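Shown next as structure tokens: one chain only, the form predicted alone.
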Amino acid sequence: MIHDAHKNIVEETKSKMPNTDTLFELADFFKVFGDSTRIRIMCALFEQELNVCCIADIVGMEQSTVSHQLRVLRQENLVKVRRDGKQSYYSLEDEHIQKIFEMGLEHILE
């Protein structure tokens, strides 16, 4: 039960919040950051565009594992792929991804 004194505060706050569907999408977006393998892959891609073989060597994992994680990152629009003949090269979708990572890292290091 909301007291009348708080009704305006509650209504104002609710009106400024994103809708529920948007919040679910945001939660799913942040779930992708909840896997250390995906974080390591994204960190490697901060430096430059890479193919699966290079990423696998950098993170010390099998190519199949890296490919699976890249698929997850692509589905969430965090990385993009560029094909050159039979080779596929991966890079970050945009600079926002690195900014989100850096903000999280800064928070952890404080």
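Between two forms, the rigid core is defined as the largest C-alpha subset superposing within 1.5 Å. Numbering starts at 1 and follows the sequence shown. Note that the structure is predicted; figures quoted are calculated from it, not measured.
Omitted from view is the form predicted in complex with another copy of the chain, to which the following refers.
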{"property": "Distance check, residue 26 to another copy of the chain in the model of the complex, heavy atom within 4.5 Å", "result": "yes"}
{"property": "Non-hydrogen atom contact residue 86 with another copy of the chain in the model of the complex at 4.5 angstroms", "result": "no"}
{"property": "Residue 48 within 4.5 Å of another copy of the chain in the model of the complex, heavy atoms", "result": "yes"}
{"property": "Proximity of residue 78 to another copy of the chain in the model of the complex, heavy atoms at 4.5 Å", "result": "yes"}
{"property": "Residues in 22 to 36 close to another copy of the chain in the model of the complex, defined by a heavy atom within 4.5 Å, in order", "result": "22, 23, 24, 25, 26, 27, 29, 30, 31, 33, 34, 35, 36"}
{"property": "Flag for residue 100, CA shift 2 Å or larger between this form and the one not shown after aligning core", "result": "no"}
{"property": "Flag for residue 11, CA shift 2 Å or larger between this form and the one not shown after aligning core", "result": "yes"}
